[in-house]
Ligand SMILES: C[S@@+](CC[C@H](N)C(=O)[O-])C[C@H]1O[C@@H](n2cnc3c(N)ncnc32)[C@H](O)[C@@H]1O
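Only one chain is shown below, in structure tokens, and it's the form predicted on its own.
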Amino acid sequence: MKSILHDAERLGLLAHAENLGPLLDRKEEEIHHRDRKGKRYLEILAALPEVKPSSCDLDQDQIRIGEKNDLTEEQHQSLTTALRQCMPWRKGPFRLFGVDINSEWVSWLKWDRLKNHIQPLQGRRILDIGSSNGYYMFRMAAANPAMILGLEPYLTFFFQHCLLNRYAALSDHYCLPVKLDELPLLEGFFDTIFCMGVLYHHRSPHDGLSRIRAMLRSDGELVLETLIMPGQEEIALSPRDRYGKMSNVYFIPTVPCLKNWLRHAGFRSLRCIDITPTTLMEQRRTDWVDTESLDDFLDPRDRLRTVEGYPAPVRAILLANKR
């Protein structure tokens, strides 16, 4: 976690190290001494096989790190056990030393929707907000950016990324277990910011978008993917209790409403590049997911509605630039 501080001068973050240091100290204290889940994951990481993968292919739908014959049979069993202990695997798919991790989300579908529309990532400083286990960070890394920083506050997914990058061993590739509003304001630092599947979890989406804009350089690009409501009215749904059984969904706008939010936050050149309903092909339960999934969130009598009666999930991808 603290490797980003060790590299601060080279990354151009030296001016922010004074604020980053105490934050990372606090997070390490919580994980090592106060969070039972964190301590369990640290034990899992410590028991991983010590091996260097013979290959690493990040530019495929299924990210592949290592080959099965890189490990002994005993090491392979130990790795499989560790991966199972880190369930649920939401994003993917991955193949790690021959172990196929069939994730809940078929994440390459989303990547394919946006990869040919965004500005080239080579040489750019990238922030991925809500990075989960880093599937998209690994896909970004294939383009040789200057650096990638992921933010993932949920420890299960943060440690999944730690496990994967233990073997991928990518340089200038960092993930912190923090929320966006916990991160010091790295003003004008990033060239591209990804915010995918996160905005509807913000109690104040306006504040979140304004903070994102502040951390982009002039003319930097925001890649925003979020739940939307159908229609052309400039309105947003605020669920009474839950949406798709999620209790932390606060606002789901129409695309015109979302564009207004972006304009108010100071973005320009707004482009909606994709609108896609979420299907059972893209999000589904697998043997790597020990929780409910999309099929459980929809009304069994009307698959165009959630169990609460709201329109079923539709997601849009918008691109915007800082003005």
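Source: prediction; values computed, not measured. Numbering starts at 1 and follows the sequence shown.
From this point on, the text means the form predicted together with the named molecule, which you will not see here.
Novice: In the model of the complex, which of the listed residues (97, 200, 189, 174) lies with a heavy atom within 4.5 Å of the named molecule?
Specialist: Spelling it out, the residue with a heavy atom inside the cut-off is 200.
Novice: Answer with one of 237, 106, 143, 178: the residue that has a non-hydrogen atom within 4.5 Å of the named molecule in the model of the complex.
Specialist: The residue from 237, 106, 143, 178 that makes the contact is 178.
Novice: Is residue 125 close to the named molecule in the model of the complex, meaning a heavy atom pair under 4.5 Å apart or at it?
Specialist: Close contact is absent here: in the model of the complex, residue 125 is far from the named molecule, nothing within 4.5 Å, heavy atoms only.
Novice: Is there any non-hydrogen atom of residue 151 lying within 4.5 Å of the named molecule in the model of the complex?
Specialist: Judged by the heavy-atom cut-off of 4.5 Å, residue 151 is in contact with the named molecule in the model of the complex.
Novice: Any of the heavy atoms of residue 161 lying within 4.5 Å of the named molecule in the model of the complex?
Specialist: Residue 161: no contact with the named molecule in the model of the complex.
Novice: Does any heavy atom of residue 229 come within 4.5 Å of a heavy atom of the named molecule in the model of the complex?
Specialist: It does not: once the named molecule is placed as it appears in the model of the complex, residue 229 has no heavy atom within 4.5 Å of it.
Novice: For the chain seen here without its partner, which of 70 to 78, 165 to 173, 116 to 124, 200 to 208 has a heavy atom within 4.5 Å of the named molecule in the model of the complex?
Specialist: Stretch with heavy atoms near the partner: 200 to 208.
Novice: In the model of the complex, do 91, 132 and 157 all put a heavy atom within 4.5 Å of the named molecule?
Specialist: Yes: 91, 132 and 157 each sit within 4.5 Å of the named molecule in the model of the complex.
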